[in-house]
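Take a look at this single chain, the form predicted alone, given in C-alpha cells.
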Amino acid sequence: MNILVINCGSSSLKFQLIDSKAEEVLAKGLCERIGIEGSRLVYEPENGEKEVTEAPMPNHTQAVKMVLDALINEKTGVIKSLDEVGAVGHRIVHGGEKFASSTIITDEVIEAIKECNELAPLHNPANLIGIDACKENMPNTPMVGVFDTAFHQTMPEKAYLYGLPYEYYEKYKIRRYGFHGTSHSYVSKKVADILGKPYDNLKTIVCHLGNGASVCAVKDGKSVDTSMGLTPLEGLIMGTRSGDIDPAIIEFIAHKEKLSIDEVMNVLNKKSGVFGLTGKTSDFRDIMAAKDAGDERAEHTLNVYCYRVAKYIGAYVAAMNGVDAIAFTAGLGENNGYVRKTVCEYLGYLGVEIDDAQNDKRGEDIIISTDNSKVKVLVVPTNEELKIARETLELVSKN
C-alpha cells in the first residue's frame, strides 16, 4: 500500500509518498509560503531530479492539489492515479489527554482535535487545515492522525504534574505533555534493534536535537519523562526558544521593556535560544564556524547548549535508576560530532567513552562509543515519516 504522509505547518506542507511494503520513499517534497506571495512547490521523485514550481497557493487545499497533481504527473509522477494512494497519515502536534495512540480520523476525532487547539495554537489549526484539504481532494481515502504527544501519555503523574494549584489541571488540563513523540518512539525502537536487545527491557535516553529539541527517557519501551511540557517551549535551549527559565523573568522583562505578556512570549519563542545568545543566528553551522573563527560568544553559546543537554541526560539517568543507551538524533544530533562529544564529556561518571573516529561519521545508524564504554552511545537518524506511515498502515489494515 502506498501511504501519503502529510505534515502541515501554518504556511508550509511537507509530504512523502511511501511504499509501505518496501518502506521506500517514492516521492517527497515541500510546499512553501502557502497564503504568502512567492509560494512554491519543491518536488523530488525517487531516482529523479528535484523540481521547483513557483505558483500561487492561496490556501492548503490548493497546496494539497498541487502535491497530488505532481504525484500523478505523466512525466515525473510516481503513480498513475490517486487510487494508488491507500491512505493518508497526518502528523498532529497536540492530542492532549484525549489521544494516547494514533487513530482513524472521523468527524468526532476532528472535533476532539479542535478542543486541543488552545494547547497548540500555532500547530493544531494548521494540521486540521491539512486534513480538510486532503478530504476535499481525496474524499474516499482513509486518513489517520498520528500525534506528537501520544507516545508520552505513558508518563506517570509524578512526571507530568506541575507544582501549581491542582484545580488548574482539573479545569484546564495544564500538565506536561511532551512532543517529538513520533521521533522518540522510532529512535528508541531502532536502538533496541541495533543493539539486539529487547525493547521492553531497555533503558534508553533519546536526544532529539534540532531547531526544536527535546530529551526523552524511555524505560521498557515506554516514555517515562521528557523535557518539553505543556508546550514545546519548556526544556532544552533550542534554535529560537528559551527552554527552561525562572517564570519571574517574564514579569521582570515585561516591566523593564514595557511589553505585554504576548510580546514577552514572542521573545521567548522566537527571539531566544541560541539565536538570542549569539545575537546573530539559530543555525548551528554558522555558530560552529564563528566558534572556529574565535568568536567567544559563539563558543559560550555552544557550552551553554551542551551543558543543558547533559543536565537532562543526568536527570533521566536518575529517573530510570540507570541507562543502557543514549541516542542522538535530528539535524544537529545526527550531524554535529562536536556537540555530541561535548555533551558526552559530562558523562564520564556513567563510564561513557566516545570513539572519535566513529563520532566523525554522519548520516547513518552507528555506535559512537568505544567497546569499553559502559553505556552505549549511538547516532540514529530519525524517520518520523516512516513511523507515521507504519502506524497508518497498521490502523487502516485493521479497519
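This one's a predicted model, so the numbers in the text were calculated from it and none came from an experiment. Numbering starts at 1 and follows the sequence shown.
From this point on, the text means the form predicted in complex with adenosine monophosphate (AMP), which you will not see here.
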- Note on the structure: Testing 23-31, 332-340, 349-357, 58-66 against adenosine monophosphate (AMP) in the model of the complex with a 4.5 Å heavy atom criterion leaves exactly one stretch, namely 332-340
- Query: Applying a 4.5 Å heavy atom distance criterion, does Arg40 contact adenosine monophosphate (AMP) in the model of the complex?
  - Reply: no
- Would Glu84 sit within 4.5 Å of adenosine monophosphate (AMP) in the model of the complex, counting heavy atoms only? no
- Does the 4.5 Å heavy atom contact test between Phe284 and adenosine monophosphate (AMP) in the model of the complex come out positive? yes
- Message: Given that adenosine monophosphate (AMP) is not shown alongside this chain, does Lys374 nevertheless sit within 4.5 Å of it in the model of the complex, heavy atom to heavy atom?
- Response: no
- Just one of Asn211, Asn137, Thr141, Asn117 has a heavy atom within 4.5 Å of adenosine monophosphate (AMP) in the model of the complex. Which one? Asn211
